[in-house]
Structure formats: structure tokens, C-alpha cells
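Structure 1 and structure 2, given next as C-alpha cells, are two forms of the same protein chain, each shown alone.
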Structure 1
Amino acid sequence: MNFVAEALGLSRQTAEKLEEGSILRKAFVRDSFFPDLVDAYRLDKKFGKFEEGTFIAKLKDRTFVARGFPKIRRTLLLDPTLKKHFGNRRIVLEEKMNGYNVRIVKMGENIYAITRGGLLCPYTTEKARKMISTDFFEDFPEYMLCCEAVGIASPYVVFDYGVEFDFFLFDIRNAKTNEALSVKDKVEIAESYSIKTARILLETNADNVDLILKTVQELEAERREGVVIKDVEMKIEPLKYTTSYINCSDLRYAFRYFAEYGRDFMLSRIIREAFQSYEIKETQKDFEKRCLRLGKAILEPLVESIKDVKSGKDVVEKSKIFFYDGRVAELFKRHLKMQGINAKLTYLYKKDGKIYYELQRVMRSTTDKISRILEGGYWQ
């Protein structure tokens, strides 16, 4: 771990503090699939200016740092928050996609994908090596491609965008300083290296609330997650704002696995609905539709989980994922185990050069809690 302090440029005193904090964690499972790495750690919490999820590696001939992706603050109201936050600057509304955040970097000879928490993910790395050309990194070796990894073949967040699995770029950042390129530079560079980007839906001023709301409502109709609102120069930090559709979709998920999920997760999404309803001044009829949508998003998954357990099944989360190489699947199992995730990977079939597996995670707490009640137990 001695290289970490050096890589981050810490004084001896600060380095000691880092060691005491025990926030430095292992970032990968050692394997020939990661040939350029001698060692690697991640920050489990923010440390000084270094974001949670910062990745620090020792390569054969140097150290490498990929700063953690900055937390994007959320607004519950467009007015007056955007105006207050962005002032008179030009802003863009970029689609916020519902997948998982990865930073794609090149270390040594190969491409690597680092998840939000700072872990090298074998699943994502394998896909990134297939889908992202190294050309960009020849010209910009110091930079990272901050992408949303989306699709139905996702080990983490399954959402149907009409693709099996893909990456959509939203930021290009200096890996060491975390400085982001302007929106214009990002778009131009992405185009010239054929990197897909998250859609930019609108460029406007922060006080153009009607048009911004209209854009969000179009996304709502498309059943999409929401927007990240960015200063075109990327000098001011972005904000995020989500649709009612995704609020309810999150709630469905959280209540399906209610004992696994934090109460705060539920409450925050409910509060978002209230502020949105308030801001858009909806009719009584639309308000009732929202109430019904919310009520269903809460009760339907709960009743579904109760029925599952009643019929003798565990409450499980399932997805179908694929690998190009069976050895990466084995490595991915070790990767999940390292994180203490209790999941089962079962071989399904081969097709078009891909090996398909079912990833299944049993929601033990939810299953047990429901089961006890069905057998005549008490709530508390």
C-alpha cells in the first residue's frame, strides 16, 4: 500500500491519517485478465479532496489514479433552484440514463472499467475492451471516459433501452484532477472517436423553466429516468432531476425487496413526487393519477413478494448476463464474492460467440420476514 500516498501526493502526516481511517480497500481480484496491474486500492469514503471511489493503482512502471466520480446533487424543484445554481450561464439538459456509472481508462496495454465505488469490474471491463476502441486513449492517455453502462444484460441495473448492453458517455475527465471537458469538446471528441453519448436534449438558460419542464415531461412520456443539468463550460457542478416514472420504478424495486432496502431510499423518492406535483401545478385529475401510480408502485411489488413466498419461492432478483470468455465469468464470481454479495451465477447457453448466464440474488431478509408472518408470526 506504500505507493498510494505517493500516487496521491500525500504528505507523510496525511498518509498516516489515511491508514488510520481504514478507508483504503482492495480494488480488484488478482487475475491474468488484469495483466497491467501490480496492485490497486480504492477509497471507500471521501478523503480530503479525493472523492469516494477514487482508484489508485500500481502499474509495472508507474502509479495511476482515477478520481472518484463526483456526487451530483439533486434538485426537487426546477424553479428557483436552477436559476440560483447556474445564474446566467448557458446550460444543457443531458439525459440521465438508468444504468451504472463506470469510468473507462487505459492502464498499460489494456482498457479497464472502474465502477462507482472504485472497483475494477471484470464484467464491465470485458465489454469495454470489445466496445471501446483504444484510439481515444492514444491521444488522451490522461483522461477517463465517464459512461453509463446500460441494458438488459446488466449485472447491476437492468433497464430496457433497446440494447443488450452498451456504454453511453456523459463526461470526459482528467483522471488525476477530475477536471471535466466542456460539453462541446466532449461531444466533438466523442464523435471523432465514434463513442456513443448520452443524448443532449436542450441547450438554454436556467430561467427558461417552462421549456425545461416540457423537456422533462417528454422524457416522462418516453419512460426515461431524467436529466443531468450541466453548465456548458462544466465550470459549475451539474444537478440532477428525475421523472415521476423513474421515482415510481425505483419504489417498485425498493418495495419488492423491502427488507433489503433502506427506508431513506423510499422516503426520498416519495418526497420527490410531492415536490414535482407541487411545482407543475397539476390538475386534480392528474394528481389522482399520480397518487394511484404511487400507491401501485408501492403495493403491487409488496403483494407480489408475499405471493412468491406463499407459493414456496424465495424472493429473488434475476438477470441474464453474458460473457465472451468463460474465464471472465469465473473471475466475476470471485469479484462478487470479494464484495460479500450473495449471488449465484448459472450457465444457460452459448449463442453468437457469447456465453449466457443467469445471475440470481436471493433476498434473504425479505423472504424470511414475509415467511415468518405467513406462518403466524408477529410484525414485531
Structure 2
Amino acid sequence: MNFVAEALGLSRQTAEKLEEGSILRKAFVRDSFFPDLVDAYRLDKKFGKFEEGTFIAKLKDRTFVARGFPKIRRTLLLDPTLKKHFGNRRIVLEEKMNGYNVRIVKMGENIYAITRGGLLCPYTTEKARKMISTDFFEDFPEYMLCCEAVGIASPYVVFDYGVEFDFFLFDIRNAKTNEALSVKDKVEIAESYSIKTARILLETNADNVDLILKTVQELEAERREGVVIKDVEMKIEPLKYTTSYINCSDLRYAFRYFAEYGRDFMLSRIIREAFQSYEIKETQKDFEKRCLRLGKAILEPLVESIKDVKSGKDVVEKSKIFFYDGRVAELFKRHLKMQGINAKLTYLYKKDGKIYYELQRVMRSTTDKISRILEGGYWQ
């Protein structure tokens, strides 16, 4: 615990209290796959200036801190929010990709991938070591690559971008201070080191709402998630705005596994739809289409889950993932168990140097809730 206190500038007693209160928690499963780490913790909640997901490691020769990724506030209306937030600054619309947020860092001799919650993920780390060159870190050792991990072989968020699994850079930040490089510097550095980036869709002013809405509607037609709206100098916090397609996609997922997700998750997406409908001044016909789309996103997955349980099945989430090394698959099982995730990893086959598994996560709360109701139980 001394190294955590030293790294964060806290007293040992404060660090111990954070651990006792489950705010400071273990960040990884010990294994030779993480050879540079002696120990590591993460902040499960924001503490002082340190964001939730802040990662603190003891290496063989020093301590290392990777600040948690700042939460990005959401706007439900583009007008007047963008002008109020950004003023006269130039802004860019960057595609918000539907995956999971990772910080890629180099500690000691190896690359590591840290998830948004501050966990050192063996699955993601294995991919990062294959796909990200260490050259960037040789020249920028104090920085971290903030990426969206996306693809159909994701163990967390499956979305088809035409790739099995890949990383798309959206920020370069100082690991210790969290200060972000400008959009221009990020793009130039990414090009220099052949790092893929999230698409920059538009550079404009905050009052150009019609063009911004048009860009979002083009993303809607592509069935994409939305945009992150950034000050080009990265001196003002970004905002995010999502498409109707992804709002309904999120609702479809949440209602399929309704007992695993809170009401706030569901309600917030319905409210987003209302404000978007209002702002774009859609016709009655388009409004009715939105209502139908929203209703189907809620009811269809719910009925599917009920039918599964009635037929004797568990409600499960399935995805097909791959490893380059079977030993990492075993480590990933331990990683999921550490988080209390009820999941099963089943070997499928080997192909092109990859070992494929089916990841099956049993949604126990949803399964049990439906089962009780079908047997004559009450909602509450």
C-alpha cells in the first residue's frame, strides 16, 4: 500500500481507508503474462482529482499511474448547448465508435491495455501487443493511447465495423496528468506511427448546427453510434451526442437482459429520443416511425427472453472471441472470475494462428426474474 500512497501523493492511512472502503481495488490477476508488474490497484470511484478507473502500479524499479479517462458529458440538444459550451472556438466532430474504452501504455518492457474501470485486461493486452508498435512509447514514454477497441470478436461490446478486432485512437494523453494533445497533434502523431484513428467527420464552428445535424443524420444512415464534439485544442471538455439507431440498439440490449441493467440506463435513452425528435422537427410520419422503432426495441427482446426461459434455457449473451495463446485464454477466465462475472469459455477451433472460443455469459438475474414470474411470482 505504500506505493499507492506514494504514487498518488496520499498518506498511507488514507490509502488504507480507500482499500477498506472498496474504492481502491485490485487491478489484475497475477501471472507471468504481466512480467513487469509487482502489484497494481485501481480506483473504483473518483477520489479528489483522480478519476474513476485510475490505475496505479508498482513496477520493478518505479511506480506508474495511468489516470482514468474523464467522463464525457452528453448533450441532448445541439442548439443552444454547443454554442454555450464551446463559444467561438473551432470544433471537430469525431466519430464515437461502439466498443470499449482502453488505455494502452508501456510499463517496463511490455505494452499493457487498461479498461475504463482500471482493470488490466489480458484479452485486450494480448491484442495490443500484436497490433500496436512500441515505437510510439519509445518517443513518448509519458503518454498513453486512448483507444476504442471494436469488432465482432469483442468480449464486451460486439459491433460490426467490418473488422474482427481492432483499435481506433481517439486521444493521446499524458498518463500522469491526463492532459490531452490537440486534435492536430494527435492526428499527425498517429499517422507517423501508423496508428488507426476514429474518423474526423467535420471541422466547423459551434453555431453551425444545421451542418452538424446533417453529419449526424449521415451517421444515422450508416447505422453508427454518434459523435464526440471536441475543441480542436482540447482545452475545453468534449461533449457527446448519439444517433437514434444506437439509442434503440442500446435499449434492445438492455431489455433483453432487463434485470442486469438499471432503470436510469433505459430511461436516459428514451429521453434522448424525445429531445432528438423535438430538435430535428421531424414530420408526423417520421415521428411515428421513431415510435415504432422505439417500441420494438423494448418489446421484441423482452419477449425473446421470456420465450427462452419458458423453453428451459438460460438468458445468455454469446460472442466468438480469439486468442493467440491458449494460456491467455485461461488467464482471461481468471480475470472474469475476479470480477464476479458468470461466464463460460468454450473452445471452438484453431485457424490462421488464432484459437477461437465461444464466450457465454449467463444473465442470471434476468433468467431468475422471468422464471419466478412464469411460476406465478410477483414483480416485486
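For numbering, take structure 1's sequence and count from 1. These figures come from a predicted structure and were not determined experimentally. The term rigid core refers to the most C-alpha atoms you can superpose between the two forms while keeping them within 1.5 Å.
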* Asked: Which depiction, structure 1 or structure 2, is to be taken as the form predicted together with another copy of the chain?
  -> 1
* **Cα displacement of residue 358 between structure 1 and structure 2 reaching 2 Å, rigid core superposed** => no
* Does the distance between the two CA positions of residue 24 reach 2 Å or more between structure 1 and structure 2, the core being superposed? -> no
* Asked: Cα of residue 374: shift between structure 1 and structure 2 in Å, core-fitted?
  -> 2.6
* Structure fact -> Superposed on rigid core, residue 14 CA travels between structure 1 and structure 2 a distance in Å of 5.2
